[in-house]
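Next up: just one chain, as structure tokens, the form predicted alone.
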């Protein structure tokens, strides 16, 4: 996959940073991780399936091919948990924890056209959104995701596509990206609240954008009635490493301070069990949003904090 990425990358504006991205990715894949043999075995088994044509059949990213459902299910379940999706491969429906189509529907009508653009998907997971970006006609859509399992999930799906779109997922963090203004559009969705230094994250996003390029930022927020921001003392909706939940007004100010312009709030949506749900594709830990909320008041988390709401901002460098 990295060989294909390098070949394609060198034909785009990213050619100046391509070798560095490949080298860093190879280093990440060479770590000592005891799960890699199991993941590679799953990929080898999945490669026996005849690849098929890719399309978007709402809500699924769909691959039109004939499959042995039992064999393919067994292989794909070696790569659990499947957080992002959903996918459909032949008659097999891979119903991930998150309904990514619902998030995409909220923002797709507000984007600058992605056709012919270089696109970065920060914290891409298994590449569900990266694929959608490429299917919009992006010249190249690059997802970066440091969690190796999700990179193997991307490879599994990629293996099943007969003519893959120009989408790639690399095992990198945003701070590893060269500070070159290379991307027309940058997506950071579900990442900001995991950053100890939110302003540094916004600056790093800005660094990789071209002048006039577009940032699509989606993150957890709180209603203004709860204050300007909340810093959870321990967990938030049972998530570790949630550092700060701003109000939309506060987040607007942060974006201004980072130097972004034309800042627009395009959506605020409460997370519901329709969008985030427990399925048999997430493994033995079958808890999801229903289990993270106060059983007597779904406006509160199990810790007594405001229940998850997510805002989408779009702005330019």
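Note that the structure is a prediction, hence the values are computed from the model and not measured. Numbering follows the first chain given and starts at 1.
Keep in mind the form predicted together with a small molecule is missing from the figure; the text below concerns it.
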Just one of 175, 71, 233, 91 has a heavy atom within 4.5 angstroms of the small molecule in the model of the complex, so which one?
175
So which of 157, 144, 132, 244 reaches within 4.5 angstroms of the small molecule in the model of the complex, heavy atom to heavy atom?
144
Out of 209-217, 223-231, 119-127, 74-82, where are the residues with a heavy atom within 4.5 Å of the small molecule in the model of the complex?
119-127
Does the small molecule get within 4.5 angstroms of any non-hydrogen atom of residue 189 in the model of the complex?
yes
Against the small molecule in the model of the complex, would residue 194 count as a contact residue? Criterion: heavy atoms within 4.5 Å.
yes
Is residue 150 close enough to touch the small molecule in the model of the complex, meaning at least one heavy atom pair within 4.5 Å?
yes
Is residue 103 a contact residue for the small molecule in the model of the complex, using a 4.5 Å heavy atom cut-off?
yes
